[in-house]
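A lone chain, given as structure tokens: the form predicted alone.
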Amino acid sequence: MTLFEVEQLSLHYLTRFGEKIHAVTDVSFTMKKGEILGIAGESGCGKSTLVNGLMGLFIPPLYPTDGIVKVAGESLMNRTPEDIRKNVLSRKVSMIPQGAFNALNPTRKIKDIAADVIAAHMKDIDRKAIHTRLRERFDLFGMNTEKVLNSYPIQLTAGERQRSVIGISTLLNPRMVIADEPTSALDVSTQKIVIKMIFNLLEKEIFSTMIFITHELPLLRHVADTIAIMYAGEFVELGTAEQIIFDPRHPYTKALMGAMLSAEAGQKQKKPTAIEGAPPNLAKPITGCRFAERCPVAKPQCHHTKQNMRIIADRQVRCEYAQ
């Protein structure tokens, strides 16, 4: 059964001058229960905008241009922000933010922040039942539960804050969790703890499936089943983790892997090579391939011909000339 379905989703920002900036274009994928999709790409490629679209958060100046987003068959399109907040967020789709410290109210204890999430969605639950639920959930995280729940964010380590945010984000057992670079501010040992914790929650079916967004592409090999590479608002390659990491086919995926340090066998001796140039200005119309100006193998027609996804070596690639 398809749990999460995205079909030809396109999103745009509307400027105060009435101009449309097409930040996400023609994104499609499906996910089944238990699957983890990794999304990687440069800063500014549209990952955060896509996250808002996947949660149904179309708050001006962000608007949907076209497409469908469904969770367990239920559409998230054409719904008010209030409806999304009450009936979708935390229950069906939840987000683990990148900056745990910024996501937590510094003037409130963890137990009070978490209790507000439960009380907002479960009107008939009393405070005692709320705190019982909190202790049971936080006991799964390998922390001193009472200490963490009774602490202010500033009193916790970075790892404890991140695990607290994950706990709060999954309190209502959402169907889908979107993790936006949840390990980027952590040291390697704490990253391992946090990732193990996320997998533990997935195994216990506290949530059913996950999208994991990161700049650390090699990390996705150990986290994701499938990886999508995003560039200038589009998915340019979508395949299994092994395919993307060890056998990339799109020129941008190859360049992205070549620009990263990796400890993988056969990769760690390679010297990183920067990707020359800059992404295109999405405020201006783009008629051809969005990577053409930076692509080392671009042909003249690439600058004028729109590229569509096609199947190459059992994965989807947005390049007419990839082999």
Partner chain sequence: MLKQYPSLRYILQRGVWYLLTFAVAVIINFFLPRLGSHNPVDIIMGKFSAGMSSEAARAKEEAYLKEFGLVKVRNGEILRDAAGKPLKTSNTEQFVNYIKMCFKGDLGTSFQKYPKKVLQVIIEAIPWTIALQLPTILLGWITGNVLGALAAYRRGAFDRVLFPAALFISALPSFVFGMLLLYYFSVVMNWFPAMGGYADAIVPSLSFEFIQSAAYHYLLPFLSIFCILAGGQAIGMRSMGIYELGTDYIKYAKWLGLKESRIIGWLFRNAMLPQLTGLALSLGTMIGGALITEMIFSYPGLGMAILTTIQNNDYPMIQGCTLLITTSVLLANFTVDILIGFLDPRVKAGLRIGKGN
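Heads up, when I say rigid core I mean the largest set of C-alphas that superpose within 1.5 Å between the two forms. As the structure is a prediction and not an experimental result, all values here were calculated from the model. Numbering follows the first chain given and starts at 1.
The form predicted in complex with the partner chain is left out here; the points below concern that form.
Undergrad: At 4.5 angstroms, heavy atoms only, are Ile113, Val117 and Ile154 all close to the partner chain in the model of the complex?
TA: The answer is yes; Ile113, Val117 and Ile154 each reach the partner chain.
Undergrad: Would you point out which of 31 to 39, 282 to 290, 53 to 61, 66 to 74 contains residues with a non-hydrogen atom within 4.5 Å of the partner chain in the model of the complex?
TA: Partner-contacting stretch among the options: 53 to 61.
Undergrad: Is the gap between Asn102 and the partner chain in the model of the complex 4.5 Å or less for some heavy atom pair?
TA: Close contact exists here: in the model of the complex, Asn102 approaches the partner chain to within 4.5 Å, heavy atoms only.
Undergrad: Does the partner chain get within 4.5 angstroms of any non-hydrogen atom of Gly159 in the model of the complex?
TA: Taking the distances in the model of the complex, the answer for Gly159 is no, it never comes within 4.5 Å of the partner chain.
Undergrad: Can you tell me whether His121 touches the partner chain? I mean in the model of the complex, with a 4.5 angstroms heavy atom cut-off.
TA: His121: contacts the partner chain in the model of the complex.
Undergrad: Taking 4.5 angstroms as the cut-off for heavy atoms, does Ser90 touch the partner chain in the model of the complex?
TA: Heavy-atom contact with the partner chain at 4.5 Å: present for Ser90.
Undergrad: Considering the partner chain in the model of the complex, which of Val177, Val236, Ile213, Val165 comes within 4.5 Å of it through any heavy atom?
TA: Spelling it out, the residue with a heavy atom inside the cut-off is Val165.
Undergrad: By the heavy atom within 4.5 Å rule, which residue out of Lys147, Arg79, Arg135, Arg85 makes contact with the partner chain in the model of the complex?
TA: In short, Arg85.
Undergrad: Quick one: core overlaid, is Arg310 moving 2 Å or more at the Cα between the shown form and the other one?
TA: Arg310: C-alpha displaced by less than 2 Å between the shown form and the other one.
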